[in-house]
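Same protein, same chain, two forms; see structure 1 and structure 2 below, as structure tokens.
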Structure 1
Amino acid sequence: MLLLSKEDIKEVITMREAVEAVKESFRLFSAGKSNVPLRTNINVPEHDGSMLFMPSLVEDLDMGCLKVVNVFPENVKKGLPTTPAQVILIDASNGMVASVLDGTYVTQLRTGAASGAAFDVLANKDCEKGALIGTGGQAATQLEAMLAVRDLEEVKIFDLNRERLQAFVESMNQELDGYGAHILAAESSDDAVEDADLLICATPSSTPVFDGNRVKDGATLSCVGSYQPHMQEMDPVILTRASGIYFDSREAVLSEAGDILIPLETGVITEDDFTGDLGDVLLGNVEGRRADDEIIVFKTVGIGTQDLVTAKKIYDRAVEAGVGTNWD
């Protein structure tokens, strides 16, 4: 069994490769080639925690996966991570556990790569400006994903927490220097969104984090944060302006994401406004962008197939390169 830390993972896979892995996972998912049972949630009321178990299997790859994500908000007071996670990769030809990977980083990588895949497939080719709202745990890989798929001159970042925003901008200007884009702190959400060709929201907000009227024609949006019925970071106005509304999994989004459920309930949109899943665009079953001035929205909540295919790619690379710690 191979143990793979965040540093090991960073050594063997690039964001561009992660984007390709996530595209493949969306193709497999839409072709009905992945078995992704609903996740199991066990509450631990005594410690205000919950343990989430996300299983998946792709028979064509002979690989199974279980992601364990534990949400313990009180951990902040104990100096421990609030959402510790591990990904367990299982060789489906014999049931042996092949690898245990840092699940927090695999999640960040595959979630960023989902935005990257959406932009690569649905955004205009000549994008120049990006915007990112939210500078938490997901933000670095979201930012890198947009830089990896489009040659951006500038990305404006906004977060309600000014201190975290400044620290994030400073560290990203160093870490992502190689992409050659100016990474700037925006004064406000409006300042960030104005003129952006690509826009990512990655916050746990329950109220919209941007003004949908300010988004320019031709923009492509990826909304990552909302995964419960009360959570809404997307301004519903943007859904009335959008020519295409795409999902990682329409079924998963409709089972949990307030970003789409609230506008459906209030009648701002109907299910007829939905275009389809990104995997179906990749398979050629659903149309993508038709014109440069269209606004396109992608909503993702994350599916187990993303974890499996991304973790398998990392594992294969690590075996080839002799990276990681063997545990027999």
Structure 2
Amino acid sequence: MLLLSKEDIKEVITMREAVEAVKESFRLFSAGKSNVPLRTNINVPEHDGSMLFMPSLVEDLDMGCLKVVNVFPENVKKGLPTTPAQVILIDASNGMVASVLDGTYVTQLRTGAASGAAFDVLANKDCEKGALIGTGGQAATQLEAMLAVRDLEEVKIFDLNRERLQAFVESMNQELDGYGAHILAAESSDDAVEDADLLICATPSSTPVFDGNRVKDGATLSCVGSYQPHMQEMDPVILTRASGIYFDSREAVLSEAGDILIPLETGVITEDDFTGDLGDVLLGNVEGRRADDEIIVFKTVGIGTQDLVTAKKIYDRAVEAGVGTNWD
């Protein structure tokens, strides 16, 4: 069994490679080549947390996966990861555990890569400005993903906690300086959103975190924070303006994401407004962007195939490079 830490993972895979791995996971999922039961979600209301269990299998790869991920937003105040997790990669030919990976970083990596995949497939090619709302555990990889797939000049970041915002901006300007983008702290969500070609929301908010009327024509949005029915970081106005509404998994989104469930319940949108899953766009079964001025929305809650394919890519690279710790 190979144990892989965050540092091990970062040594063997880039964000661009993770984006390609996640694209492949979406293709496999939409082609019906993965077995992905809906995840089990156990709430821990006393601590505002959730424990999530996500199994998956891809027979063509002879690989299974179980991710145990615990979402505790209040951990940010304690200096702890908001999504502590482990990914268990299983050899499906014999049932033996092949690897245990730092699931917190795998989750951050593949969730960022999901936004990157959506932008790479659906966004205009000449994007110049990005926006990110939220500076929690998912934020760094979300930011890197938009930079990895589009040559942006600047990205504005907003968070209600000004001290955390400033620290994040300073850190990201150093860590991601190789991309050449200027990363700025926005004064407000309106300031961040206006003129943004790409917008990512990564918050656990139960109320919308941006004004959908301020989003420019032609923008592409990825909302990744809402993973429970009461959560709604996306302004429903944007759904009425969007020409396309895409998902990682329609079934998964409709089982838990308040960003979509609440507007459905209130009649703001109907299921007829949905365009399809990103994997079907990649397979050529569903149309993507048709015009430069279209607003496109991508909603992701995460599917187990993402973890499996990303973890296998990491594992294969680590074995080739001799990286990680063997536990016999």
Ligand SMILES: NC(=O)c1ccc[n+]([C@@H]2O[C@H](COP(=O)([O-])OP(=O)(O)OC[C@H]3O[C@@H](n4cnc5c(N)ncnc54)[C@H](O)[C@@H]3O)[C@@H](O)[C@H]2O)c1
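Under this definition, the rigid core comprises the largest set of C-alpha atoms superposing within 1.5 Å between the forms. What you are looking at is a predicted structure, and each value in this text was computed from that prediction instead of being measured. FYI, numbering is relative to structure 1, first residue = 1.
The form predicted alone appears here as structure 2; structure 1 is the other form of the chain. When the rigid core is held fixed, the Cα atom of S50 travels 2 angstroms or more between structures 1 and 2.
After superposing the rigid core, the Cα of T266 is displaced by less than 2 Å between structures 1 and 2. The rigid-core alignment places the CA of A291 less than 2 Å apart between structures 1 and 2. Overlaying the rigid core between structures 1 and 2 leaves the Cα of L38 displaced by 2.4 angstrom.
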